[in-house]
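Each of the two blocks below gives one form of the same protein chain as structure tokens; they are labelled structure 1 and structure 2.
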Structure 1
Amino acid sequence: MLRYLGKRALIYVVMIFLTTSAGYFLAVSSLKPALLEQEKIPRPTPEQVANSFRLLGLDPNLNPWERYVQWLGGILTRWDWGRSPNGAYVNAEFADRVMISTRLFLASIILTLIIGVALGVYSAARQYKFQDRAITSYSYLVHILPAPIAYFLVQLGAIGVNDAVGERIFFVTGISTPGIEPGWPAFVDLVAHYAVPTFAMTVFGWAGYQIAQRQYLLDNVNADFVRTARAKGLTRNHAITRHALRVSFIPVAQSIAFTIPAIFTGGFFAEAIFAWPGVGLWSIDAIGKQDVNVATAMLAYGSVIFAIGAILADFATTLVDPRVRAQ
């Protein structure tokens, strides 16, 4: 299994390099931060802009290949992803923001997967009963509800709870309270800020897993190997959980490769509504400012997240599918 995962990881490393390199050439050819600098008041001369960008390693007079070699050399020798047109270092900005996004999304990703699969199994075992219809109807409703509206409704609900209690229990925006004392008060404050966005992303995120797991499980409930297990004395629920679930979880596990990067890279809705300054808003802002290095760094980050999700999906597949281990 480790050999198989190692080969897959090597493929993903090559994929990340090629994707990032292609993204850099696209960014450096289409994003022109020097043009934005020339629109400032008082308007600088082209020579002043070129000299300023040259000091930042963003010389607009170099061709794309020369800039790529300079940029790649900085990464390979110093792990330096360059600087933004405003002079900020990409490494420092990214490190701060990626921790914020990770804090925001990690718990919701884990809860989404566990709850979605569990409810999918629960509803499939009770096909067409009230519990199945209620859970599945909710999942389909969530699918057609835009994320910004869903998060805003949760935000209003948290505000309503605060008003009903008469004091602030949940924070609906921000990541912490300025000036909070370290220790237990800081922990309580963190939970109060963390609860609402995590709840919102979880209750509106597990629907896809629930629908997929339910459908795949129902496709295998009446398979020959399940009927054989029941003929040997297993109850219907035991046959489902011990045999059908193992097979039906394979396509769900493979979908992890796409779900994890989608949550991370598409989380700018949650970051915008709950005012968490993570990588999602940072990447959108970078494109508006024509920031080549940040745009490329975010593309590389998205590729790495996809690779991590794919490796986790491969690992989960090897656990439930003996054919992969045999190969």
Structure 2
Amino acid sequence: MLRYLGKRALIYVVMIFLTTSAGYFLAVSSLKPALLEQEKIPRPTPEQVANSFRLLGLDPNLNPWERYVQWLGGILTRWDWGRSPNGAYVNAEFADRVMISTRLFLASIILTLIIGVALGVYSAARQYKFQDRAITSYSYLVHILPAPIAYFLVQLGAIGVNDAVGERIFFVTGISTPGIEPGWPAFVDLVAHYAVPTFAMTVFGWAGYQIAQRQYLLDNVNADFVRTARAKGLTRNHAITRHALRVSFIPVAQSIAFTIPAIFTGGFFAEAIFAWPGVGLWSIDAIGKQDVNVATAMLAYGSVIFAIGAILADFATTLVDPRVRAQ
């Protein structure tokens, strides 16, 4: 088992190296921070720009290959992921950004998984009844609504609540109010900032898990082994909860394991709409600022998280499925 996971990890390392390198070449050839510098007032000369960029390791006069070698050398020898055009170190900012993303996503991902799976089971048990149709239709509706617009609509709703009450209960953007005193007021402030994004991401997030859990359970409801359990003397409901549910959880556990690492990557849309400066927003901003090193680092980070998710998913399968465990 360990040998297998080791081999998988090795393949992913190769894959991450290749995708990141490809990403670097794409970024380096299409992002030109020098052009942005030209818009500054007073306007620097191209020589000045080139000079300051050379000091940051972003020399625009080198060809992509030379820059790639320089960049890769930095990572391999000093674990230095380079600097932004404004001089900031990628490594230094990374931890803060991840922290913010994690704070934003932790609660909503856990809620999404629990509610999604629970509703999936509930709707499967009431297949074709009113509750099932309502829950499942809602999930399909979510599928045809782009996430940023959905979040925006929740924001509108929260503003509506604030207006109706006549007091600012919810903050629709930002992490915290600057200068708030610690203790109870800080906690209230945190909840007020936290509520809207968490609510939005949860209600628009569970649809996929609900549909998947419902389908997997329905696939197993009429399985032969459920019939065997009923023939033993278990009622239909007992047979389903003890046998079909347990088997249907195998693929769900796999996708949950895959999702968990996503807590640390945050999301582009949510962070952009709710103005939480996490990993996602950082990447988008970086690209706006033509920042090659941050863009590439984020691409690498995203790939690493994906790979960890995939390996966790395999691992989860071996935990819940004895057929895989034994081998």
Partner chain sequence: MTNLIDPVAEIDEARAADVVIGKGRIIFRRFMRNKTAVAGLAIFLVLFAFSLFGGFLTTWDKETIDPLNIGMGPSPEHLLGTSQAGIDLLALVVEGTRVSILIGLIVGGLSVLISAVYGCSMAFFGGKVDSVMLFILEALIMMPAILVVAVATSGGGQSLKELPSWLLLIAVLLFFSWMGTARLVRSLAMSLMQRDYVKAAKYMGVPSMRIVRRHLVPNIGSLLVLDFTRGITGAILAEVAFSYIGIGIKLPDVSLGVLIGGATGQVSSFPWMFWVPLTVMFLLTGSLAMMNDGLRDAFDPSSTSIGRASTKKKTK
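From a predicted model like this one, the values you see are computed outputs, not experimental measurements. Basically, rigid core = biggest C-alpha set you can superpose within 1.5 Å across the two forms. Each residue is numbered by where it sits in the sequence of structure 1, with counting from 1.
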_Assignment: the form predicted together with the partner chain_ = 2
_Core superposition between structure 1 and structure 2, C-alpha change of W81 at least 2 Å_ = yes
_After a rigid core superposition, would you say the CA of I149 moves by 2 angstroms or more between structure 1 and structure 2, or not?_
no
_Give the turn angle of the smaller rigid part between structure 1 and structure 2 in degrees._
20
*asked:* L31: how large is its C-alpha shift between structure 1 and structure 2, with the rigid core as the superposition reference, in Å?
replied: 6.4
